[in-house]
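Read the single chain below, which is given as structure tokens and is the form predicted on its own.
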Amino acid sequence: MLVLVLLLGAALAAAQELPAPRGLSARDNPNDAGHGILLEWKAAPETDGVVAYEIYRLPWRPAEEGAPWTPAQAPDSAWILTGTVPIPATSYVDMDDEVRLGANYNPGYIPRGGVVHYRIRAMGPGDALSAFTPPVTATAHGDWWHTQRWNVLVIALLLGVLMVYFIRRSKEGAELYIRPIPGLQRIDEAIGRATEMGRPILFVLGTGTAGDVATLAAYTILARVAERTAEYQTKLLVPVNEPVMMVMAQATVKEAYLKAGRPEVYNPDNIFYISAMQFPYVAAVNALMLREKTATNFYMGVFHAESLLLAEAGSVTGSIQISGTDRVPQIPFFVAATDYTLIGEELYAASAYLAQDPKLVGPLKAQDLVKAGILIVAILGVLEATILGSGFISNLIEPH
């Protein structure tokens, strides 16, 4: 018992001797959405015994939980430890991460416009602790302008100007060059082959959702394929894994048949829903290929582990296969197992390539120029940093 008392007395003495940090201040953290507080302080006068600083926050309480706490009224148990920083750091950003996940009131919530209180203390070797600093108060608010993202604004303005310029040029009749995409160039050939053989065409929109960008791009290609099949009166099968995608596909195909002047050929039963479950859907599509002996298979949209399963089953039937996806892990499988593959952004460029609409071609050309400019700046920055040892370009494009 005596030993315990002596140890407790030594710990209390060490805590009293450990210097406390000075000049604690708190203010809104700049360049955020309004849920962060920036704390700054001066190092303790004698840092030999200080190893870190503990930051405590007095949680904010909504009105329904009771009157807001004040530092004078709140018990020590109400203060929560929000972070620990080692020396020689003299600043800390208390950022509310949970609110981004949609959480409501919780001890870690920093309200936008709400008053939050802080205090800190120094930590020494073992269990040595200093006294707390006087509490400080801060209010978080959202910022309209991110001062470290001006380069994004410049690129956005440049992209907008180039888009308007190329759209006007295209409307005036100028021919804007778009790099030929082999997979799109072979669409008519693949449809013609299926027509000659008297066998149907299969179009798979992937296992994503109707809201995926790759799926929306796939509908553009589906419209082109449907228009050609209407002209040749070739059977087009479109199995889907989502009811919304089925309705959109039916509308796309029907409109294409009307555009081709063959509305009587349209059969809504050829666009049908199978299953929302991944592998049952793939099994049904593979069985459809073997049963119908499809001559041409299109795989466009979002694909996951089923990409190679589909492509391998299609190769068994001897089909011409054209694929396209923006999912990087699945592109190698399509490249290896299909005849032609739209890689990444080629799928997005398909709409402009097929339609040759000025409103689509103009933005595509503008994006290509901006990407080329960014690549050139990146290369110049690397050369400057490695050869000249300067960081002028990197300082221009990196946030500080």
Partner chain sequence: MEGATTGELFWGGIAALVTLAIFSFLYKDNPVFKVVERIWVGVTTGYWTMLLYHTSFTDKVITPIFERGQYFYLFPVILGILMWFRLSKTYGFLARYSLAFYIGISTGIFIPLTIKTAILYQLHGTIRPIEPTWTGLMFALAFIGIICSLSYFFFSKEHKGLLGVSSKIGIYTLMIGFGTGFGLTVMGRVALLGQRVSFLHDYIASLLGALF
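Everything numeric in this text was worked out from a predicted model, so none of it was measured. Residue numbers count along the first chain shown, from 1. Throughout, rigid core stands for the largest set of C-alpha atoms superposing within 1.5 Å between the two forms.
Another form, the form predicted in complex with the partner chain, is not on view; read the next lines as being about it.
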For residue 381, is any heavy atom within 4.5 Å of the partner chain in the predicted bound form, or not? yes
Any of the heavy atoms of residue 149 lying within 4.5 Å of the partner chain in the predicted bound form? yes
Within a 4.5 Å heavy atom cut-off, is residue 177 in contact with the partner chain in the predicted bound form? yes
Partner contact for residue 126 in the predicted bound form: the partner chain, 4.5 angstroms, heavy atom: no
Counting any heavy atom within 4.5 Å as contact, can you tell me which stretch out of 198-206, 249-257, 132-140, 222-230 lines the partner chain in the predicted bound form? 249-257
Taking 284, 305 and 345 as the candidate spot, are all three within 4.5 angstroms of the partner chain in the predicted bound form by heavy atoms? yes
Candidate from 93, 277, 115, 164 lying within 4.5 Å of the partner chain in the predicted bound form - any heavy atom: 277
Of 33, 335, 52, 355, which residue is found within 4.5 angstroms of the partner chain in the predicted bound form when only non-hydrogen atoms are counted? 335
Any CA movement of 2 Å or more for residue 373 between this form and the one not shown, core superposed? yes
Residue 337 C-alpha relocation of at least 2 Å between this form and the one not shown, rigid core basis: no
When the rigid core is used for the superposition, does residue 163 move between this form and the one not shown (threshold: C-alpha shift of 2 Å or more)? yes
